[in-house]
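Two versions of one and the same chain are coming, encoded as structure tokens; call them structure 1 and structure 2.
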Structure 1
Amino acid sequence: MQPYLAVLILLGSLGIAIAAVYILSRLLAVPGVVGVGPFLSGGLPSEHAVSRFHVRWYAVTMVFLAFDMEMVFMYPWALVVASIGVKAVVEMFLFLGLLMVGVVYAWREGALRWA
């Protein structure tokens, strides 16, 4: 069997299973839809929860965005270390060392702390 066909078959079966859950629920469930407020341990909401949510860790996201780009290079690198040799190791760890400098800087600036 072609692998992509196998994956499509599996995905299709999962789709059928999930659809079956929803259809069974339609058929078997106690009828009606309960309209409920969000659960606020007995309280009622005073405004919509979906709002400008203030995350405190935005500085981490930026460092993360930059840092995880090293993965782009590291996955192919892992394949060729054995064939290229010392040069590849030195180059990659120089690269990573450069990035760690950035991480240490961010840490020193307190970017990894927020609470």
Structure 2
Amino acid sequence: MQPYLAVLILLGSLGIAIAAVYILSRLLAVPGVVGVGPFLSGGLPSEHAVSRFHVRWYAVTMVFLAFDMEMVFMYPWALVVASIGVKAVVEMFLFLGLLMVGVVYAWREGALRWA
């Protein structure tokens, strides 16, 4: 039980901090319109919060996620490429080539066309 004592203390402290912030927010809240509406930099919302998006945004989201995953894999690769050598460079270019095939496919299918 000794090794887990620090983790239990940390989790307990975290729970107490979350409860304190929640209780303080309830005690110090000013009732009114400002606290009820959504935060849009002072502007009123023009549509419902659960409105539907156009289907083309999903393709853009997929392309963004592909490049986001590329960065997730490239950061640790950049840290160890010097110690691994040529094998790491070849593997990264294969990975980038695979991503490029996906981008070219999306481009040819018209996923990146806005009109």
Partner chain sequence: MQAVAFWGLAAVAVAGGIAVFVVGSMARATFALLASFLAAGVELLLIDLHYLGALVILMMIMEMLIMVVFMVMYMMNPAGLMPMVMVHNNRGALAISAGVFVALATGILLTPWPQRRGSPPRDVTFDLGQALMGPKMLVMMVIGVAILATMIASVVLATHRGRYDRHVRFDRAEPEPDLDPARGPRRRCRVTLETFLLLAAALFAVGLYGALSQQSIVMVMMGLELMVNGVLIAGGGFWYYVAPGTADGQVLVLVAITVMALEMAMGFAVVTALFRARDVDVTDDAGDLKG
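Just so we're clear, the structure is a prediction, and the values are computed from it rather than from any experiment. Quick note, the numbers are simply positions in structure 1, starting from 1. In this text, rigid core is short for the largest set of C-alphas that superpose within 1.5 Å between two forms.
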query	finding
Form selected (criterion: the form predicted alone)	2
Shift of residue 22 between structures 1 and 2 at or above 2 Å (CA, core fit)	yes
Rigid core superposed: residue 56 CA moves 2 Å or more between structures 1 and 2	yes
Core superposition between structures 1 and 2, C-alpha change of residue 97 at least 2 Å	no
